[in-house]
Each structure stands twice: as structure tokens, then as C-alpha cells.
Ligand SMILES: Nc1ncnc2c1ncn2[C@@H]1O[C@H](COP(=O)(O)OP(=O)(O)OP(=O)(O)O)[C@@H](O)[C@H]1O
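Here you get one chain, nothing else, as C-alpha cells; it is the form predicted alone.
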Amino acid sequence: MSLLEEVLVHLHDVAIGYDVPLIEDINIEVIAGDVIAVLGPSGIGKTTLLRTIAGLVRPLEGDVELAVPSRGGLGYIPQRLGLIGNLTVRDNVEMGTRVSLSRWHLPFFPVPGKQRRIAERAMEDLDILTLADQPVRILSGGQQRRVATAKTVAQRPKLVLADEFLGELDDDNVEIVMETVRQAIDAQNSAMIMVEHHEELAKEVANRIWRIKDGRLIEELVR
């Protein structure tokens, strides 16, 4: 590893799971600039790996070290997206900008002008600005996924964890979403770990692959 490379995540002798390990002996680092796709069959531990890195699940063994800011440094897109259906697209995306703020974090406080502009730029990049005043609950599944991505991009995290967030997107929207995410990663010198069901798509968008097989995490370099 070059001295200029920034380690954002270090998993050292980690075992993950609930009572019984799903994956053991994980020793791996995530470097700023990485887009990592996690592959493997359903129920094998992909989501649990993301939740463990996010600090939502304690590792059964070992240490997970995160070198990201405690306020707003981690962005997480769960399978269910984490959106509030009765709020508008704009309100949901602006919630991403609130994470790094202090007294402005409550929904009834309007966000400052800078945060509004960040949210609008994220909506524009994800091609959902025309939907800004629509409640999220009436949108299609693919549109909701773009809203969730815009919310995370607007947060400007150092590390993004995304659980099958490209599902329900057609090829054109996959390209829009990934181009926006890549630009955000370059701008923030950040990284992304994404669970992806489709191997071919994973190899197109990621530079590293983590494949889970027989209770072990095996790394493959894509390019």
C-alpha cells in the first residue's frame, strides 16, 4: 500500500454473525477511492457484514476500525432504503445534509442555504429534481432508490455502505446512479462497499470484489 493511500476501514481477525459465525477470519482494508462489491448467495452474511462495519452489529471476534468522522462520516443505504414515505423527496434528501449539523438536525428546522444547494445538486445529478415536491410513498421502486442515493450523496460521507441499492433500476439509471456515486467518491476521497446480487454488474461498477464462500471472505481484484 502506498503511503498516500488512506485506510478508511480495517477488519482484523473478525468473525461476524449472530451467535453462530457466518464469516470468520476476515482481515481486510478499505482504501479511499475503492468501490467494493460483496457477492455471495442469499443468507450467507453479506448484509450482516455491512451492518457489522456500520456498527449496528457487534463482531463475534476481532476488531473493526473505522477512520471516518463520527458525525456524518458513514452513509448507509439499507435494502429498505430508510426513507420516510410521507415526506417529500426534497425533505428526505435534505435529511442527508442534516447529519453533519448540530442544532439543525431536527426536521422542523429549515436547513441552511448551503445544505439546500447541496441537496438540490444531488437531486439534479440523480435526475429527480422534478420530483422534489412529491411524497416519496407515491414513487416507483427505482425512483425511491435514486432518492435514497441522493440523500446519501448529499450527506457527503467518507464511507458509503449500500445493500443492493441498484435493484429495480434499468440500465440507464444504473449508469446515472453509479456516475453520481463515483463523482462523489472522487470529490470526497471516500469509498463504497456495496452488496450486489448480479455478478456481471458488480464487475462493471467495482474495482474490488469480496466473495463470500464457505464461511470465508475471498478478495478478487477486478481492475
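Note that residue numbering follows the sequence shown and begins at 1. Fair warning: this is a prediction, and the values are worked out from it, not measured in the lab.
Not on display, but discussed next: the form predicted in complex with the named molecule.
Against the named molecule in the predicted complex, the set Asp34, Gln188 and Ile193 makes no contact: no member has a heavy atom within 4.5 Å. Residues with any non-hydrogen atom within 4.5 angstroms of the named molecule in the predicted complex fall in just one of 154-162, 64-72, 42-50, 174-182: 42-50. By the criterion of a heavy atom within 4.5 Å, Leu22 is counted among the residues contacting the named molecule in the predicted complex. Contact annotation: His198 falls outside 4.5 Å of the named molecule in the predicted complex, judged by heavy atom distances. In the predicted complex, the named molecule sits beyond 4.5 Å of every heavy atom of Gln134. Though the partner is left out of this view, Gln79 does reach within 4.5 Å of the named molecule in the predicted complex, counting heavy atoms only.
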